[in-house]
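Just one chain follows, in the form predicted on its own, and it is written as structure tokens.
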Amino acid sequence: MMDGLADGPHRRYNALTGEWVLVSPHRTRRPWQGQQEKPAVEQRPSYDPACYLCPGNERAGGMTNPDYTEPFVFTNDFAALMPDQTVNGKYQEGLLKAEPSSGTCRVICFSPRHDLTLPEMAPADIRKVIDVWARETADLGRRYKWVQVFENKGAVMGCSNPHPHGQVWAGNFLPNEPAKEDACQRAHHHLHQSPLLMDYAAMELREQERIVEVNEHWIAVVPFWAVWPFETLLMPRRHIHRMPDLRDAERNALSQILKSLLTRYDNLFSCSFPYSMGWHGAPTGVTREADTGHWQLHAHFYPPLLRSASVKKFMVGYEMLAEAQRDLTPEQAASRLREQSSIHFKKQKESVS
């Protein structure tokens, strides 16, 4: 690592959003007397009659799920976005501004099994989830400007149901985070005539220091500018605008690297590792610009755990009022993740017993 980045406080620039993060590696030596939480005991049944996402069960909104055997998609019974919304015209200018936000929200049950998360699923079944992500992006992208595929895993990340599932929200507007990424990628492409994340992936492949997983088609790194302790960035090695553009071999390779990466997460603290993850690709819909060459498909993983299954990172104080701050360096985090086995800890216990 470059001099001064391993031991002393410094700021790192996020080339993808234009923001900065304060890194304070010397603070990892301080004693910890913070919050301890009891790790969740993962002994769920394969089917839960009380779960509103399991096959054949009644959902909270009153609808009944089919007896599905593969990934199942339905419109959220309590959607955050709704079609054809309007706003009072008096909020169009000045200090009080508002605009209508129209869209839809869908839920994706990854598997009929109540007890299987993505790292515990077979690559062939993960591939089915990837195909659903791509299909939903293509379908909703015909009508909406932004399609956000994401997953909140674990109660600590606000997930209200442990059944393995994700979501896809589509809206008629470009949200804040992708808008920042759009501007930074566009500026880089204008200056260098190449996609920012393609250049970044090539640099990480040369340096090797922050790589967690890599295969023929994908690379997963703890980004140089990571905010969350074990944050990762997953990128295709070919220039790809959106998920529906993925070829068959790239989808298969994605299922493999997802299983391995998420297994390393679970193995880090021998728990079902919580995170929020989401895919970013070029804006979609009838209002999209013709020029999307600056965009590169990628996924963000934001896990909150810091020191163990019961100690998490809090974004408070300085982080809320000034800028993001971390103690563990991205290089140290990548090394910790690389050290983990690609065989899930539950499987390791089964082989021993």
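Keep in mind that what you see is a predicted model, and the values were worked out from it rather than measured. We number the residues from 1 along the sequence you see.
The protein also exists as the form predicted together with 5,6-dihydrouridine-5'-monophosphate (H2U); that form is not presented, and the subsequent description refers to it.
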Exercise for the section: Go through 251-259, 128-136, 90-98, 161-169 and give me the stretch that gets within 4.5 Å of 5,6-dihydrouridine-5'-monophosphate (H2U) in the model of the complex, heavy atoms only. Expected result: 161-169
Problem - Exercise: Ser276 in contact with 5,6-dihydrouridine-5'-monophosphate (H2U) in the model of the complex, heavy atom 4.5 Å - result: no
Problem - Partner contact for Asn76 in the model of the complex: 5,6-dihydrouridine-5'-monophosphate (H2U), 4.5 angstroms, heavy atom - result: yes
Practice task
Examine Val107 and determine whether its closest non-hydrogen atom to 5,6-dihydrouridine-5'-monophosphate (H2U) in the model of the complex is within 4.5 angstroms.
Solution key: yes
Practice task
Check whether Ala322 has any heavy atom within 4.5 Å of a heavy atom of 5,6-dihydrouridine-5'-monophosphate (H2U) in the model of the complex, and answer yes or no.
Solution key: no
Exercise for the section: Check each of Tyr302, Tyr68, Tyr52, Tyr47 and return the one that places a heavy atom within 4.5 angstroms of 5,6-dihydrouridine-5'-monophosphate (H2U) in the model of the complex. Expected result: Tyr52
Handout entry: 5,6-dihydrouridine-5'-monophosphate (H2U) in the model of the complex - contacting residues of 129-156, heavy atom within 4.5 Å
Key = Asn152
